[in-house]
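One chain comes next, on its own, written out as structure tokens in the form predicted alone.
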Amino acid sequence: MSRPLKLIGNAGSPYSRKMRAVLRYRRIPFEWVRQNSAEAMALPKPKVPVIPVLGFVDENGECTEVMTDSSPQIMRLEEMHTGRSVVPTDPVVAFIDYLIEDFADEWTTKMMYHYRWYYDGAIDKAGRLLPLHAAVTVPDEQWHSMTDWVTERQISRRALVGSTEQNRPIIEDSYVRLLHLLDAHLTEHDYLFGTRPSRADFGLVGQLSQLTWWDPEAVAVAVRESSRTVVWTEHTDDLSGLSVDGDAGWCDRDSIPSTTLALLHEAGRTYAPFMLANNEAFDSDTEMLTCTIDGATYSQGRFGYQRKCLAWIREEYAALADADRSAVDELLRGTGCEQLFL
């Protein structure tokens, strides 16, 4: 019997919640280790200090290897464990799933960051509560110092990640559209690609775990615009009790719900121009990226990781068999996402 993995994370971290939900659904034994706790500090340190950190335990019970980045973590688990996969069996569906997961990870996360660190009520809540996640027994003086440090640091990064007054309508309008798209989907379907969840479901749920349950302004919008999405997010946080029959339960390329494909139009409207502009900023050695989204100018600092994400998804696209790539092209045509692969 394999020893439990270690998942080092924080309940206020969307990617930590994403990976915890994946592990729960897949029924892979793991131990939830709070970031900055004594238990976490005793484990090996990753090369990049970001969460979640997935720790692998050897036959002696020692955690000897750790890795970061939720998407590669998911695929590592696919290699290690059979059953209850989160990758659709049809390669065309799997590619669309991967694309929507990346949209969630790299664009929907802007909504999460914006609603947490732009509005006073959310700033106050996050500043007070996040420093207590490692230990509620932290002395008051240290707690208040950590509160000030976290708040000042995150506010200072708003322009870098896109949360500005100029970008505010773009980000907030995209959030409302996403809620409407999910609401339409959830009137008939439990998950994006069938009767079982995929990477894209968990990618969205990670961000929505904060947007629909944590940050006051974002929660109010979600309850008003899509109560279904609020409850779906809570349910998908723990699907360990969901029955799955082998590889059954996935749609094929010809039966992807139209409401799932509609998400590609939102991705093509926002995520795609952003990712391309970010890539161009590196090509032109420009620190700030600028692009047009919904007829408005969007700008922020460039990010090296998102350049990697674009390269990875292009590699996945290039690796498709010719017939599968043609089928993907047909599904992407007119969504705006096709520009990622030109």
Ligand SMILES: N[C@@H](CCC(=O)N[C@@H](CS)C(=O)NCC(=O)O)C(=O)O
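Not measured: the values here are computed from a predicted model. Residue numbers here begin at 1 and follow the sequence given.
What comes next is about the form predicted together with the ligand, which does not appear here.
K.L.:
So, in the predicted bound form, is His265 in contact with the ligand at a 4.5 angstroms heavy atom limit?
P.N.:
No, His265 sits far enough from the ligand in the predicted bound form that none of its heavy atoms falls within 4.5 Å.
K.L.:
So in the predicted bound form, does Val50 come within 4.5 Å of the ligand, heavy atom to heavy atom?
P.N.:
Judged by the heavy-atom cut-off of 4.5 Å, Val50 is in contact with the ligand in the predicted bound form.
K.L.:
Taking 4.5 angstroms as the cut-off for heavy atoms, does Tyr25 touch the ligand in the predicted bound form?
P.N.:
Tyr25 lies outside the contact set for the ligand.
K.L.:
Hey, in the predicted bound form, is Gly9 touching the ligand, heavy atoms inside 4.5 Å?
P.N.:
Contact with the ligand, no.
K.L.:
Which one, 67-75, 83-91, 125-133, 265-273, holds residues whose non-hydrogen atoms are within 4.5 Å of the ligand in the predicted bound form?
P.N.:
Looking at the partner contacts, the answer comes out as 67-75.
K.L.:
If you apply a 4.5 angstroms heavy atom cut-off, which residues in 289-311 are near the ligand in the predicted bound form?
P.N.:
Only Tyr305 sits within 4.5 Å of the partner.
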